Ligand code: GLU
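So this first bit is one chain, no partners, the form predicted on its own, shown in structure tokens.
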């Protein structure tokens, strides 16, 4: 077994991120496998070496260390361009000239059981004349996957059976930066990742990645989507909920060991004897974990 944790180095890891990393690490340890860290730093404007260093330090503070050197997506563009070229040869790529505003407006329309940000295919059937006009205008296009109504059944280790549709997801932005969904499936295959354990908010996007894996003839890993950590207001964890990062809690006098113990306790009966690496991801709680306040959790 080989698992991975793949954060974007755009800021500090909050408790939800650390909890997901811990689940992935426990899963690999219980199977006597390997656990890797990969930095999803495709966007060099928002990513930074400082954030990467802070994230790795937070993981190390709760005892999580990568079993191999950290991989950075920003150093692997050639792999992604090769994958895009493969899909172009298959006739599965088209140019998209929609603005961000147009995409936002399109994403507000209902799309059945596709992801909420699914693209409705505005540029999918542009005429040759219209394409020529857009190209002459000098507006660079993004590249999108041409889906064909494919549906996939995901046997998730935590969420159970999930079925959803793949949509016309972006695989390369209009600045020629490869997009997340493409990069992640290429990296998982190249790194030999057998188990993808990540936040529950990404479950609906998995059919996109299954289609990309299918088209590129890549292996399908097992998926496990960890329930989110939320505030008492029912929304996903954010700065407005107070001390939500390891640095926040340490500043209040809470040790990294206490944070680790709290995260382990939040996993319920799935964790057995840690000394013997006892962990069953299938027994994890399936509801979000509510973070109320520091005092309520630590006394």
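Source: prediction; values computed, not measured. Positions refer to the first chain, counted from 1.
Just so it is clear, the following notes concern the form predicted together with the ligand, a form of the same protein that is not shown.
**Q** Taking 6, 184 and 198 together, does each of them reach the ligand in the model of the complex with some heavy atom inside 4.5 Å?
**A** Judged in the model of the complex, 6, 184 and 198 all sit within 4.5 Å of the ligand.
**Q** So which stretch, 168-176, 198-206, 155-163, 85-93, is the one near the ligand in the model of the complex (non-hydrogen atoms, 4.5 Å)?
**A** Flagged stretch: 198-206.
**Q** Do residue 180 and the ligand share at least one heavy atom pair within 4.5 Å in the model of the complex?
**A** Yes - in the model of the complex, heavy atoms of residue 180 and the ligand come within 4.5 Å of each other.
**Q** Would residue 40 count as a contact of the ligand in the model of the complex, using a 4.5 angstroms cut-off between non-hydrogen atoms?
**A** Flag for residue 40 set to yes.
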